[in-house]
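Taking the form predicted alone, here's one chain by itself in structure tokens.
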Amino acid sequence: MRRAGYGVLVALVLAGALVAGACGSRAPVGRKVIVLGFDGLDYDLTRQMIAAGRLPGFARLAATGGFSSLGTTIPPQSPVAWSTFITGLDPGGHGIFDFVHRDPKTMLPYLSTTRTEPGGRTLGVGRWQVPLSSGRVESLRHGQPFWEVLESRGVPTTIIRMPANFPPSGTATRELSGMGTPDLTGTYGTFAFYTSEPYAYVGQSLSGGVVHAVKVRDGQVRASLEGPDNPFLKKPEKVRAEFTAQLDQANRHVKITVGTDELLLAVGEWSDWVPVSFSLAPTQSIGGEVRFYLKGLDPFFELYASPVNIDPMDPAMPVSHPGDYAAELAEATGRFYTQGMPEDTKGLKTGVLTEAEFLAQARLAADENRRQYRYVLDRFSDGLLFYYFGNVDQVSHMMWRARDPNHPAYNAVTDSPNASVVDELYRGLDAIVSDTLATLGPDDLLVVMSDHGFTSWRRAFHMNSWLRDHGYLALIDPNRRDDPGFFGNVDWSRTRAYAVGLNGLYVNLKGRERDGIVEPAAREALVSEIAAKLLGTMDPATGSAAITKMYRREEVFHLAGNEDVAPDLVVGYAKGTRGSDESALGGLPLDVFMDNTSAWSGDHCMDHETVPGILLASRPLRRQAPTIEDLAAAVLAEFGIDGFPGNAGERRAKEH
């Protein structure tokens, strides 16, 4: 059976051929510059642990090259900050302002970093159709990646798991995509949970997971894994891969059969990666891979299946450059999560995974990443290597509460055993730093950086509810108690402002928004009025200001063709307060404030000045980098290259 090209088969292939990197022979640069990107390492915590002697590798860097905070972006969100690092541009230049943007013509939200366009014409035969042209996935990040400049000067670059770099740019010598890479179904990770418990999650719609009710018959469970919609069918229908689980109650394990693969799994055990083939049409299939975890057999069968990841051995969608580089990594160090954010925070948020199970799954992902780093590091001899580690960020989101007894969801019994989980992860990264230092020659350089810091998220702020209560957002039915979300009850003909994403606030502007009512001449006055009121908003539970900074876009962004996407105001929440998940997608809960009782207890999407990242180096940098916006230029300066990012950089220099 022939593997189907993903563009034809699921309408998600890249547009055009990616530009080949300079892979040919060239004169060696003669030294190594290694940049380790540690997502979410907090400056204050790092400083405290260095001072306490708990991070000897970091301390060695601090002693030889310096240790400082690294200013992050407005807002301090990962896709925003990493896009700024890549391009040297603020969000006004690269066009990524939040995790979520809205289309002003439809008012629908969408993920900010990529856009998927289906294929065009098809040829129909009965219930089947044959796509005649490919769909595509397009990166929405603008600006030139800094490694392109290095490659153009003959410097080989290896860029591993750089966030906001999916699809891979194709302009580094080697690339593996990172945060922003979807699973095989096109989501950022959708797990499956198979249970024989008849009342499990009844009536609940899980965010990021699907519960399958199964029955045990003759000691066997028959079920299926779900893939993407089959593009060969006129009527959308998900492709499925059947599997069976033969239960052995006496020995407390199951034998799982998927295709031709069989594995034994004991209760409480995670499987290795299992390749999965989804049949689309005669002679056409698509491949993925999955991990299983057997939660229990008695009294109920409970089996977790990870999101179906893109198979690195035979990628249905480009996740690396060259295209076979992902397979090279998998053959050398084992199959791995190709999904951009592999730690299953959704499994823990929904309660399908316990904290112990989540941490075990996060360790699997971290171990894969460390094995790959060792492989890449051992083969790196010249030029630039960037390598990303995201494990601390994802675990900090879920486990920060355990180090904060004042968090509203803190439970001394269950949380105190996990109080040092985050610290131990910092120590694990410190070991990576020490190992890397041991590989450096006298002319080499190691840079360690993070994109933002971290803190406890105790209070949630429903921005759209605040706008409603202050007369800026009107409802179709004010008496409706069941908010439908996605602005489903919003009367746009009387709404002057609304919020989308975690930090963005928009004016319902005439000529820009689909149903805009605010005249452009009135926009500035409205923005000033809302900003002043929000800055005066006090949290009744704490007696403190909920918001410490409001940023007008004209004051903080150099807009370059992204005017329709950019929010009119960026909200700088006080440390400990964050915009709610509900409001981010157009929801309007009854109250404005609430305690954050979610498992997602740590965050950073607040006033950027309160959550800086870190910067360390093995020797002083030739060019200072006080903020993440300056860091790419500092890296290029190590190779004697100035002037990045071109005109935008020169403009900023004149302004300052």
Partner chain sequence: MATFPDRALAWVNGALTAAFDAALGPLMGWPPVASLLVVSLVTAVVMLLVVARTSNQKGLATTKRGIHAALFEIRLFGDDPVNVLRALGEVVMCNAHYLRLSLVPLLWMAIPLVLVVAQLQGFYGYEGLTPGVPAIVKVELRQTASSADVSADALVMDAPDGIRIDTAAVRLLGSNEVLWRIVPNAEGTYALTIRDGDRAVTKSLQVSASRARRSPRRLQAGLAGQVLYPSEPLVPEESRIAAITVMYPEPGLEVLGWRAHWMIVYGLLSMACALILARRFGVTI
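Numbering follows the first chain given and starts at 1. Note that the coordinates shown come from a computational prediction; the quantities given were computed from them, not determined experimentally.
Beyond what is shown, the protein has a form predicted in complex with its partner chain; the following relates to that form.
For the chain shown alone, residue 264 is a contact residue for its partner chain in the predicted complex, at least one non-hydrogen atom being within 4.5 angstroms. A residue is said to contact a partner when one of its heavy atoms sits within 4.5 Å of a partner heavy atom; residue 423 fails this definition for its partner chain in the predicted complex, lying far away. Shown alone here, residue 218 lies within 4.5 Å of its partner chain in the predicted complex, counting heavy atoms only. Though the partner is left out of this view, residue 533 does not reach within 4.5 Å of its partner chain in the predicted complex, counting heavy atoms only. Here the chain stands alone, but in the predicted complex its contact with its partner chain, taken as any heavy atom within 4.5 Å, falls in 243-251 among 288-296, 243-251, 574-582, 501-509. The contact residue chosen from 269, 197, 469, 328 relative to its partner chain in the predicted complex is 269, the criterion being a non-hydrogen atom within 4.5 angstroms. A heavy atom within 4.5 Å of its partner chain in the predicted complex is found for one listed residue only; from 212, 494, 255, 558, this is 255.
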